[in-house]
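One chain comes next, on its own, written out as structure tokens in the form predicted alone.
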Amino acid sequence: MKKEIICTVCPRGCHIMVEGAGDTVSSVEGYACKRGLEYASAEFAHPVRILTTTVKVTGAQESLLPVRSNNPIPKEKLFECMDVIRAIEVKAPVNCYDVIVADICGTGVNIVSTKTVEAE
């Protein structure tokens, strides 16, 4: 399988062609630096993303609390994680970087608050 990956490591945005099968990369072309090579190989074999969303909050003027994953989550687990997050409701007060969901979906990644919300 051949896949074009646009590198996001630096502002250059190289269009990198990666060829391989499954988790095995057989060739990488079009990268301008070693970091681009590493990024494209990892993105091809096992893509990950930072998950950013909101959860419901009660006892505060705001109705939603912005949250994010503290580390990247495997791309194939994002929808499963969102199902868990969708069911969460937190009670104010909440501090920035408080853990809202620990080890979400067995990924070893925590979902943390990105805002301090005071109680009413």
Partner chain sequence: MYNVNCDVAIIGGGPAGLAAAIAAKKEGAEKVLVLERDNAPGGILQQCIHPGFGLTRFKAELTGPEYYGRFVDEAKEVGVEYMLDTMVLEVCNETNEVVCTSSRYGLTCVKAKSIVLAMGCRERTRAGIMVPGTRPAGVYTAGAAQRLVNRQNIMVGKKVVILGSGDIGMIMARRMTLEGAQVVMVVELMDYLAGLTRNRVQCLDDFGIPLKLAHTITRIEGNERVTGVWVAPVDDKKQPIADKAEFVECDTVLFSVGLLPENELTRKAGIAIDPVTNGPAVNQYMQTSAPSVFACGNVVHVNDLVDNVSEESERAGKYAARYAMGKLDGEKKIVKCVTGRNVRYLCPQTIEANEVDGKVTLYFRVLQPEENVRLVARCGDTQLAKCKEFRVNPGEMCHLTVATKDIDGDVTVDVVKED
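What you see is a predicted model, and the numbers here were worked out from it, not measured in a lab. Numbering follows the first chain given and starts at 1.
From this point on, the text means the form predicted together with the partner chain, which you will not see here.
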query: The partner chain: the contacting residue among Asn95, Asn71, Thr58, Thr53 in the model of the complex [heavy atom, 4.5 Å]; finding: Thr53
query: Non-hydrogen atom contact Gly20 with the partner chain in the model of the complex at 4.5 angstroms; finding: no
query: Exercise: Pro11 in contact with the partner chain in the model of the complex, heavy atom 4.5 Å; finding: yes
query: 4.5 angstroms heavy atom contact with the partner chain in the model of the complex for Lys91; finding: no
query: Contact of Ser63 with the partner chain in the model of the complex (heavy atom, 4.5 Å); finding: yes
query: In the model of the complex, residues of 75-91 near the partner chain [heavy atom within 4.5 Å]; finding: Lys75, Leu78, Phe79, Met82, Arg86
